[in-house]
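Only one chain is given next, in structure tokens, and it is the form predicted alone.
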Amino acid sequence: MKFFNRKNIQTIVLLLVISGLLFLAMSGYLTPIFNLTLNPLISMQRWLSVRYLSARDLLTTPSDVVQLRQQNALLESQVTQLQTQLIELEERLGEAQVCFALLDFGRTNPQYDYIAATVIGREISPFLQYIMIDKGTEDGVRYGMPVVTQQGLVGRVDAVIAGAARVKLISDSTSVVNVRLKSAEIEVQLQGSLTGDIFLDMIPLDETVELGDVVLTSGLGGNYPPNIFVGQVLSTQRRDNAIFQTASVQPIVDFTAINAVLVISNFQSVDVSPLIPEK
């Protein structure tokens, strides 16, 4: 009778109830009840979670924005530095390429001595065609010395001081160069103009000048060495009652983009003007 006292009966009933609940839960009979009681709790937890995240973002965003702005400014500064370095490297590469080209020209024409110079100025007047270089009498540059690039003829030294010189381009209106046409084997004069264009003059009417014909210095007149590339024939013109024909020439050198030149220092020009009859 002691075994079936009230306390033991309560324990047995509690175990039976728990066992029954476990059985019902595992069988799925209590799922609707669980959903009914837990869904409000889950919804409340979700609502609290969203509000918490929003509040946290609101409190932490200002500091994050400041950090992002600082990082952005740092990255922009680094990009600017890299762009500057890239421009400097491109300029150095361009200078090196020009130097190698000038050196190659000197190697292919070893009969001359050269003074390498950098272009430091250009004539601003549209009617004058000059450039200034950074070499003068202290470097061995003298009046009348021919000036070339790796491509071809540029002009002559027109004025010189101790540390600089002025070069008259072959495109100047006062420039006259004795040249020859390679295919036609005729010798004519190349002249500049106020517009900077160059053309051939004094071409006999019975001579056939072909488009694209190569123009080289002839060496006549004593102002320039022979066989320096000048340009190519673009077109020819015949005027009524004229005793000569003319031809437009495309210069091989882009005079607006010259950065470095070679001054031929051992060419001895000859002044033949006293031998030319006065007009």
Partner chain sequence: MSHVVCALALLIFTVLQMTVFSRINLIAGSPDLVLLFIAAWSLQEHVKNAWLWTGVFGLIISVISAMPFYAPLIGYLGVVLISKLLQRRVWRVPILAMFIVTLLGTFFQQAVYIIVLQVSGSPISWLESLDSVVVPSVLLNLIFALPIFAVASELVSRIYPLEVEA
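Everything quoted here is computed from the prediction, not taken from an experiment. Positions refer to the first chain, counted from 1.
Not on display, but discussed next: the form predicted in complex with its partner chain.
- Only one of 143 to 151, 128 to 136, 180 to 188, 81 to 89 places residue heavy atoms within 4.5 angstroms of its partner chain in the model of the complex, namely 128 to 136.
- A heavy atom within 4.5 Å of its partner chain in the model of the complex is found for exactly one of Ser77, Thr195, Thr208, Gln71: Thr195.
- Using a 4.5 angstroms threshold between heavy atoms, Ile120 counts as touching its partner chain in the model of the complex.
- Residue contact check for Thr256: one or more of its heavy atoms lie within 4.5 Å of its partner chain in the model of the complex.
- Residues from 171 to 191 that approach its partner chain in the model of the complex with a non-hydrogen atom closer than or equal to 4.5 Å are Ser173, Thr174, in the order they occur in the chain.
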